[in-house]
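Structure 1 and structure 2 below are two forms of the same protein chain, each written out on its own as structure tokens.
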Structure 1
């Protein structure tokens, strides 16, 4: 997902090119496309009803989407040529639209997008520009304001106008025009968190912790039994403070800014009393040899070695690691059993992942194909389109087993049927193309250990509230970028010194507060509070 980093300078440079091309029917491949304004009505009502009913819940869209053969260009991130894949053919069959997919690998996509945007010859559908870049070229009429077409987009209207009216306020421009098609409900509920060696805990009659003090006592017991170990390890370097911050109530997607729900105020996390409490806790673990002495410098390789050889027993990471580590060492240590643990910190919570994400920058060029392109995105957002692009075609490339899980008969020889295999064989799960994933897909097939993680957090509802998604303007984005360069670097340096240096204490914390204020800690949070006022006023 790294293809979202084109600069604002690029946007300014290419705006004139985009304007010159605006309204034309050219595309990046140089092919002529249908110049119709897109879908109108299918030939007869009987044909429309038959086609629509055949493919499940379209959310109110009528199939086919166009009344004459139409070709759209769509620039996507993929290692595969997609035009002959099953899904591309099925889209044409159902919608009447032939999609000319222009595929570029993740390593080349950004450069290619840069050239395409600079040329002004935009594909009919593409992704990869940041939301602020899209707003700028959208206001220049190079890409469409999606909300202008909401009357022909029933699935967009349902999800992003009727059920989540805040979307335009959070992702639109100052006039609430939305230029990026959001992705709905892609995240799994629990994707990261604390993990522990249950085989070691059980062997030594150490119960899993239920609060921070019990976590500390468990590490102490482990240190007594395994004096050469450092019970807790980390590979995330300075990000450990961001990742653990949720447990102290100061985490958020905009970290180090976070929204304090109790006071309805945005704050700078690095200067809050809760941040000091978190540092004090980590300092205690470090001083007592409970936290790996290299926790700020460990690489994934050195961290892996510690977690798989009995040097460390507790860590924070992605849930896929629960099985990956086991698979890595099971031949030598079949008892190895890494499990998802309870959160650490006084809140007892982990992060909440957002349900709606517009940062992929999926957009539609403002040309003669715009209505057909928008309707295609709307279809792929519907339950029918969602199933097609992320689950497949039942009875054709998959069937459900007795547990309701999809089975791809052609792929049964593969050791693991993951979304990459589905992309390779069928053209499913293409980045920029999945808009509302079907949760029956293999992407949501959890192993027993991963399911345990979901159940543990969901059953107890251990989630921090999701912060408001604010819509920073151009000046505010620039201010944050300017402040981040110095204040985050200084914050991380202070965090490290506070934990590693035994002489650091209350005096040094007080000095840091003064220093942070001079570097703009309040100014940092003020940006968010001003944006919050606009957000609240637009509700």
Structure 2
């Protein structure tokens, strides 16, 4: 009998704790809490003026943003719990809005987001849906069309209506309704490119290349001196074609579609003569043992091993790698000196990174909190808000040094104050939350090597023009999606074979053109040309 009692008691305990867990979860989601406290005194005009001026340039927004305490839920990508961090508290203090941040790490965020969206219970603010998905649920009135509220959003109006009126045309739906809040001017000018072992080049009196032929000659010389090496390595597998395409003038954000400025038409990159030239060049490198044999299968680990042990000297990657590699090997090889090199390819250009980007898909759910949520985003877009989320609060968590660089007193022990450290300590630089980064932030502090990269490309203006951002409609997206799986696969397959297979040549290229056409290469570019016409008419 006593055993039975015990088991019943245990069962009850388990069940009740489960129920309790569900219950407390509900409370934490916050919607209830904001109504309980509704009846507080609205601030007077004088207080509003004072509060607004105190925090710098709000772009015309009045602080606090709400006249009664409001709680919003905001789903962000972060490894940290943000609700107790400085920024969350400061946002509450300045705007009157308590944000309940629901943070998920980058690895689980996507899955979680899909679950949340599938459940239909959207957080007040969230990001991470693809633009076409966002348009779809926007048209179903699940998220807010931001343009409808332009009159209460002065910062949005200034940046995306007055100064860049093309934004709605590019990122909106057919009716130019914009469902995602763009990010303004986040990119550094140069972020990726060719890099080379300057110590090895110098030691052997090989000058840095300034064009494609010199690049080839440099690799050839390296191969002579180090016959066991493969001078150029790659870790991006088949993305190497997309990344190098800018040097041959056929790259773009919509790759394999790109805008040919000379003819004002969109083309499919994989069938252009320039593409063949690029393949021929890589084939030559491959055949002469200048390009790593394993360039299509190298893992980040094997690539790192090659680049740090003198098996390879030239590669294409992110500029942060310049110092990362150095830090990895400097104790054994203090001479190691990886530097940013000139672009390869006849145009001599690298990609241009967009100034305005709506691909993060930051959006506001269409519910009772939408105006508060939109105003909050507008505040974070203002200079005052941008400073708060990406630089900090002057005098509280940082001060400028004599060079105008921010110094975080509490973080002076850290070897490197990067945006991850700021996220960890203060809740700054959280993905989905920065909307208009302040360029005085540490993110734009370049190391010596990174600065060299910026200067090198900026001074010679070696940028491919940015392609127009087109607004594809649902049918066009479906067409592209349908063509994409097979045509990109075949293109990668052909690229690889063309380079690796000694017998592949002009005949196989001609065959590829025919089969690419069959698979819809021109249909692919037609979609973009159609959308371009609509875009031009809409301007």
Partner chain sequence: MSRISTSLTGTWQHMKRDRQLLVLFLPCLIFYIIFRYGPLFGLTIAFKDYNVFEGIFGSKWVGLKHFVKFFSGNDFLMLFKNTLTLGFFTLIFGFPIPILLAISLNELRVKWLKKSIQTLTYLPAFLSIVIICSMVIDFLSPNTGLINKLMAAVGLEKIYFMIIPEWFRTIYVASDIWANAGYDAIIYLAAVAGISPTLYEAAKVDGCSRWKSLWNITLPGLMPTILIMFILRTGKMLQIGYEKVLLLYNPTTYEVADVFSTYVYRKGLIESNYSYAAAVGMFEAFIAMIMLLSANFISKKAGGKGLW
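Numbering follows the first chain given and starts at 1. Computed from a predicted model, the values in this text were never measured in an experiment. Take the two forms, find the largest set of C-alpha atoms that superpose within 1.5 Å, and that set is the rigid core.
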| property | result |
| --- | --- |
| Chain form predicted together with the partner chain: structure number out of two | 2 |
| Displaced residue check between structures 1 and 2: residue 247, CA, 2 Å or over, core reference | no |
| Rigid core superposed: residue 365 CA moves 2 Å or more between structures 1 and 2 | yes |
| C-alpha of residue 192 moved at least 2 Å between structures 1 and 2 on rigid core | no |
| Angstrom shift of the Cα atom of residue 115 between structures 1 and 2 (superposition on rigid core) | 4.2 |
